[in-house]
Structures are given as structure tokens and as C-alpha cells.
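What follows is one chain in C-alpha cells, specifically the form predicted on its own.
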Amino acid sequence: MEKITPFTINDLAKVTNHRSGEIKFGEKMITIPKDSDALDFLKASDAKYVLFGIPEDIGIRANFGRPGAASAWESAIKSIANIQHNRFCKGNQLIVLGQLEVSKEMKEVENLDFNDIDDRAKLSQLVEQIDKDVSHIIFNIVKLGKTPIIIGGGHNNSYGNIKGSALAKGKSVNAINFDAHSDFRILEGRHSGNGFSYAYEEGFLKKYFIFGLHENYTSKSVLDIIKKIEDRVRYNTYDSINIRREKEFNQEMEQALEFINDDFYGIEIDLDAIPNIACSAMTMSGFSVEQLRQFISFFAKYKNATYLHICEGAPDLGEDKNNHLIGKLIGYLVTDFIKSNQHIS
């Protein structure tokens, strides 16, 4: 897995705030020793969860979005390292693999303009390269029987997560996406708005449920496409659950589970579904943090849960003094997932 920048024990020590009488995750999380083969080490380890960062926003740029999501991994790992290691959740359940090496690609896109057709083609090509790298890494993690927890990047990375999982399982997989947007747009070149449609079209995604679509920001064409394939792609809307109260949150989770739990599934989380979170498509209206945490806890507790992906958070777009809050939120979501999933064999 040569495209990974390993996260070393020294890196972990630098972001862990040691305090007398306390044990932090950073003192217990596992890193891959220098000169060890990553795959051999993962295979031999008893730890179930593999933490992996994607510090890029190229897919977001290719989708006319505001860059900034590249910083979510750094913010998250600092917060995760300082969670308390205790009876509720233990740091030694986590192997910190490291981050995808995308510094060259990020340098390439600095001066590209998504309004220019040639530049947009270059952005899509770079997204395709990232797709290959992500799918290869996820394939290796899942093949070894581990559970990837992927942090950062745009929602373009759903494609690599789904493809890698499907190849490791030897069959197409399902996905549930907590998101204000479908990310099921037309196949017009890869970007953050069509990861699921590409995965579906290429046979890696079997069933797909979008939880909490915003009615104001879903095009008629996407709704028409979904209507034609509703045996495999379904959704509910945020407006019908939290505004008009026609549907009930817990009941909707049960129905979504019934749809996807016939096979392995990935849990995809787009932080733009939560109000006032700094991200490319920031919203003023959406589900609460508590509802998101309940959602992750609910879907993590079944054996078919294959991975967790938290994306689109962009600390760089927030006020400086609040940059740590996105990392702290991601830390809650990661531990909610582990607490609910850890007892499943």
C-alpha cells in the first residue's frame, strides 16, 4: 500500500496531550512499526478498526464546491488521540494506518479553475486516480477482516470505499448515506456529486438508501432516475421527517435498515447534513448532532456494517477558534460507531 503516508508512534505522541491520572486514546492506539509490512501487521493484529485519512478536496473542487475538506483528517486525529481510554471505549481497538498521499495532486489543483472545461477534465482525472488508490487500500483492509473508518475528503471517496469493499467481499455491496444531497448525479466525469451513481453503474453498489435528502436541493432529474430504479435506490427527506413530521426518525431508520441489511453495507456520513458545520455546502437547516450520533450507533450494531466514512467537513472554512470542533465531532462519531459495533463477531 505504497500510496499511504504512515502515521507513526512519534506522530501520535505529538498530538496526544498527556495528563497525570488519565489515559488517552493516543497512548493506546496502535501504529504500524517502522520497517514493518503494513498488511502483515494488520493481519496479525487483534484490533478490529483501521483508521485512515484522506486529506483532499479535489472531488469537491471538480463539483464546483468550496475547497477546505483536506484539513478534516488532521483536525480529527488530534481530537481522537485525546479521547479518554476507559471501560466505554478503548484506544487499543484502533490501528492508525495513516493518510492517503495526495500532496502532489493537491499541488496540481491549486491553480485549476472548475469553470474552465479543460481544467475540469484534469480535476476529474485526478479524482479517478484517487478512486484507484482508495479502492485498493479499502480492499486490503476489508479483505483482512478489518473494519475501515475513513475520515476526510469529499464524497467522491464513497466510490473507492464501495468498490474496495465489493472487491474484497467478492460481490456488490449496499450503502446508506446520511446526506442532504443524493450524490447520484449524472456520469459526467468524476467528482464529489456522483460517487454513488458511478459505483452503481459499474456494478459495485447493489442497494443504496439516502437518508434525509433536502427537497430544495435535489433536482427533478435525480428524483426521476431514482423513481425508475426504486427497487435498488430509495430515499427519505429531511423535510418529511423534521419539518412536516409526516415520518418519524426512528421508524425511518428501521425501514432503511430493512432495505440494506440483506447484505454488507457501508455507512456514509456527509457533515453538510448538520447545520452550521463548516463544509463545502454548509446548511442552516438540518438534523441535529444527536440525531446523527443516534443514526451511526443504530446502523453500526449489525454484522453487515462494513465501514464508516465521515466526509466533507472543512475546518479551514470555519473560524479559526472553532477549527477543533469538527475534529471533536468526528471523534464522537468514530467512538459511537466502535461502541455500537465492537461486540459483533
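Please read all numbers here as calculations on a predicted model, not as lab measurements. Numbers for residues come from their place in the sequence shown, where the first is 1.
Not on display, but discussed next: the form predicted together with a small molecule.
The small molecule is not shown here, and in the predicted bound form it never comes within 4.5 Å of any heavy atom of E268.
In the predicted bound form, G91 stays away from the small molecule, with no heavy atom inside 4.5 Å. Of the heavy atoms in G98, none are within 4.5 Å of the small molecule in the predicted bound form. Contact annotation for R190: none of its heavy atoms lies within 4.5 Å of the small molecule in the predicted bound form. Contact annotation: of the candidates H85, R185, R234, H214, the single residue with a non-hydrogen atom within 4.5 angstroms of the small molecule in the predicted bound form is R185. Checking A47, A281, A305, A38 for any heavy atom within 4.5 Å of the small molecule in the predicted bound form turns up a single hit: A281. This chain is displayed without the small molecule, yet in the predicted bound form the stretch 176-184 from 176-184, 258-266, 199-207, 117-125 comes within 4.5 Å of it by heavy atoms.
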